[in-house]
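Here are two versions of the same chain, shown separately as structure tokens and labelled structure 1 and structure 2.
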Structure 1
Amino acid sequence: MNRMISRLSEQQNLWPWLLLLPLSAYLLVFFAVPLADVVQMSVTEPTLGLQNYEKVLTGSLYRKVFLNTFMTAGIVTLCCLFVGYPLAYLMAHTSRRNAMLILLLITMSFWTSFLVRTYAWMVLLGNNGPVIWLIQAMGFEEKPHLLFTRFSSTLAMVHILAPYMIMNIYSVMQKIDKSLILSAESMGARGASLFRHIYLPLTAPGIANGSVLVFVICLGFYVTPVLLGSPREQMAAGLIGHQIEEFLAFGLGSAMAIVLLGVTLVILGIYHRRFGLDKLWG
């Protein structure tokens, strides 16, 4: 009897591992093996050595591109926060029906691909688009150059990534105990003081979650910066694509990809030590 019980318990302990086998096989074939191939190319193409990493870490062009990538990711993250926090606050403090309607409108953006949304911004910001027409209708005679600039690519990335920020902040706001706010009000906290000392700290995890998620995704953005951004202000993913597609510099492109991956892992590691990766999705 004891043996049967021990065998049943052993089988129950094995079930979680068996359920993980398909996912583990998928990650091994489609992630681990390609990543190992990229690492190999970074130190073997065109010759064996670390010359590709030396170029990436010391070359002025690559430093400029990485700096531009981090600056753009930071700007996009801040813009998403400024747009997303008020909207999440509105969703958390309106009726359930209105909140669900706003959430539906936000999630509808996920039903359209990045490429389609990027081309939509190309039409909107083009020389014959509605934005230029509106500017001229306001009395400005000279057409501003909006397309293929940092402004156009940043605007499009904010539009694409803002839903991640909104949903992370909204999920945290929903969990705030209303009795804490009522207690603060009963003790004299009002208006800006209540928001700064009570409400904002309570929503800080949502801000951290959304900021890390938006920043990390933005670091690897490819389609939108390439199609809308300025060639003089490339991001890392775009330069990696140029190195591989135009110059066939597989080793240099792979080294840039590994450096970008390393920076991303460092950011996630810092976040994990402070908050825990299990809280990244709210």
Structure 2
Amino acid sequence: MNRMISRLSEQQNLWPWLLLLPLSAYLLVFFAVPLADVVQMSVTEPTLGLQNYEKVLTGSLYRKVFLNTFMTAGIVTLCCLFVGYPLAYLMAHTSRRNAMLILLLITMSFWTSFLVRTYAWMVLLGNNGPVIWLIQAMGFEEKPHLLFTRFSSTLAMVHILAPYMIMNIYSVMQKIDKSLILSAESMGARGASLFRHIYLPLTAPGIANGSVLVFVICLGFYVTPVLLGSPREQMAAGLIGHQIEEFLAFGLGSAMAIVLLGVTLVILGIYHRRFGLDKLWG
């Protein structure tokens, strides 16, 4: 037995493939096959041809949904950046203890099921919820309708995805050499110009990482938009689910899924070319 193992490990080329075999076979059957099935359905359901793609790419409903999806993903990414950058900055420049506490809060939020967080926003923004209560307590008469709007779903998605952005930016900021900033200051860089010429470029990799991650996750987001969003402003994943579950329109649903996948892969592909995909998830 031992002999056999050492003999095997000598044949450097065989051993790794043997170790990889189970997982490769598994992914082939339970990842590649279902994916291929989606591709197949998109061009065979209900009849052979590209009519599903034609519909998805030209039909006004689908165009509107995809446009809405991109816009939402873009807005969510920008909001996450707006929300995440200052907090990461604070973490990088406050005492160790405070940074640890904030980090604890963020990891707590990160690890809490996003269903729970979605539900919490439902409570917060509900018609009898604390936000409305606060608005009325401040003396406003009118009860604004917050739930099931673009606002509520965007807000919840920002909350759910912000930790990705914060962690990415924070990890870059943490590594910035303080003496670099000092030397820039000694050369006369101050305030806004110090920030623009030194700090921002140094944190750019974190921003890029976080933005790509947030944008891509947001593109395919299903749960939160479905639960909190306006039914009239669906996002792509929600519509795909709708097509399959309600209308059994497998062809159309699959074609949309493939388009969504295509866009996602193009973005990740560009990222991979520039930075390497393995960096994305830290």
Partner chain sequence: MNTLMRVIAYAVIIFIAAPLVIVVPMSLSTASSLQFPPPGYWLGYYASYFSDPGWLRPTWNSIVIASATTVLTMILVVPAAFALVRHKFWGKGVANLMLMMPMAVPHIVMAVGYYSVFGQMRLVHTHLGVILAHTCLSVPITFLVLSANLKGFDRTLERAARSLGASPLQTFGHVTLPILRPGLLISALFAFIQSFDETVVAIFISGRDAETLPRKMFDSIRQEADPVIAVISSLLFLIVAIALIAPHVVSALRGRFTTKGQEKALIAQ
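Just so it is clear, the structure is predicted and the values come from calculations on it, not from any experiment. Residue positions are counted from 1 along structure 1's sequence. The term rigid core refers to the maximal set of C-alpha atoms that superpose within 1.5 Å between the two forms.
The form predicted on its own corresponds to structure 1; structure 2 is the other form. The two forms, fitted on the rigid core, differ between structure 1 and structure 2 by less than 2 Å at the CA of residue 226.
Core-superposed comparison between structure 1 and structure 2: the C-alpha position of residue 262 differs by less than 2 Å. After superposing the rigid core, the Cα of residue 30 is displaced by 2 Å or more between structure 1 and structure 2. The two forms line up on their rigid core, and residue 21 then has its Cα shifted by 3.7 Å between structure 1 and structure 2.
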